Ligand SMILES: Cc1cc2nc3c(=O)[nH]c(=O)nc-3n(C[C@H](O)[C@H](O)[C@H](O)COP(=O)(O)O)c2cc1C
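Form predicted on its own, single chain, as structure tokens, below.
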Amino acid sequence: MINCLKPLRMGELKIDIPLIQGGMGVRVSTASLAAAVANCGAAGTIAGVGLADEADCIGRDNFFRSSRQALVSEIHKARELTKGVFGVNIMVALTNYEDLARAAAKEDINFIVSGAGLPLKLPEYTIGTQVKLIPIVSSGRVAELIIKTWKKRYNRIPDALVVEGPLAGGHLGYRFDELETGKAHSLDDILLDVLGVVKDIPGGIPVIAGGGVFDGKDIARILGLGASGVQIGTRFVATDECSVADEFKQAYIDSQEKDTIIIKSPVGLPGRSIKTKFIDGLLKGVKMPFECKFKCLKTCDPQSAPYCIAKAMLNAFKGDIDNAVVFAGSYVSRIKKIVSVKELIDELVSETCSALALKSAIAV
């Protein structure tokens, strides 16, 4: 593979292929996937949520300890598999957010990506470390708030920003009605908005765009708008190195365009998922009562929540699709086969270089 792309740089950290694999929670993006991506010259991401065994998490103290140990263990596994760049995605909505962020930083990982809420205190949890901090934002206003808050409180700015558009899979930083009616701003518009916020910051802040980035043409378009890199999640599920059950991957391959849907999640944010029997029940108003052995989400009230999102996502990981929430991006139906991570990244780089060359030739 010939890489024509400019590296993504965050200070002294260099990512040869300007692509970050998106963090996908509850054991979707673990060490095996993150390391495989890193070995190809891009940046791998371990999702910090849902790594511990449920039986080890009964009670708050056990939940915190087991979750921390599971994350550290996954980081160690990745480090044994790669010398490349990898980091961790940690959701602000988690009750053990601070604990996981501090644990990840102590492991001297390359970066922490943080969304599903405003990571206003993230620098506090990583003081004395070299870890790069990358908030996920959905507007220039949110980007500006984080930048100003970090500057005032900690005298630092984000090392990069991930702009996540409304076509992404998983939990989304938009109102439910915006997504249902299609009124949410496009990724391109949001990217330009955020680029406008960071353009006058001394030294600059790299902006990485994700959510609806499927192929090399998309990547070329995003880079052409001024992004320093892209984030892609959904396509990495249908790879050999992704640790989910074969049934999960097959659900992606079998999906049709009409099969993705916006759902309400106990996380407090809407999410995009593939339709399943479980979700059909939710849409009909069926509630799935559950006993909460540990409160993993700040925003979840087990007494009123219609279902347990952690359990539904764990079912997806295990391949129990009928009883699962299977998060996926808008373009999941375009995935037709399972490939290796190397095949996927080689294809993306080749397509992007071809698209950029064509654009350059037309401009001449």
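This one's a predicted model, so the numbers in the text were calculated from it and none came from an experiment. Numbers for residues come from their place in the sequence shown, where the first is 1.
Form predicted together with the named molecule: not shown, discussed below.
Visitor: So, Asn89, Gly169 and Tyr331: all three within 4.5 Å of the named molecule in the predicted bound form by heavy atoms, or not?
Guide: Yes, the whole candidate spot contacts the named molecule.
Visitor: Is Gly211 part of the interface with the named molecule in the predicted bound form - any heavy atom within 4.5 Å?
Guide: Taking the distances in the predicted bound form, the answer for Gly211 is yes, it comes within 4.5 Å of the named molecule.
Visitor: So in the predicted bound form, does any heavy atom of Tyr252 sit within 4.5 Å of the named molecule?
Guide: So Tyr252 counts as contacting the named molecule.
Visitor: Test of understanding: in the predicted bound form, would Ser265 fall inside 4.5 Å of the named molecule by heavy atoms?
Guide: Ser265 lies outside the contact set for the named molecule.
Visitor: Would Val28 count as touching the named molecule in the predicted bound form under a 4.5 Å heavy atom rule?
Guide: Heavy-atom contact with the named molecule at 4.5 Å: present for Val28.
Visitor: Just to be sure I understand the contacts: of Gly233, Gly229, Pro119, Pro158, which is the one whose heavy atoms reach within 4.5 angstroms of the named molecule in the predicted bound form?
Guide: Partner contact (heavy atom, 4.5 Å) among the options: Gly233.
Visitor: Thinking of the named molecule in the predicted bound form, which stretch from 150-158, 211-219, 174-182, 68-76 has heavy atoms inside 4.5 Å of it?
Guide: Of the options, only 211-219 has residues within 4.5 Å of the partner.
Visitor: Pull the contact list for 8-42: residues with a heavy atom within 4.5 Å of the named molecule in the predicted bound form, in sequence order.
Guide: The stretch 8-42, when checked against the named molecule in the predicted bound form, contributes Gly22, Gly23, Met24, Gly25, Val28 at the 4.5 Å heavy-atom cut-off.
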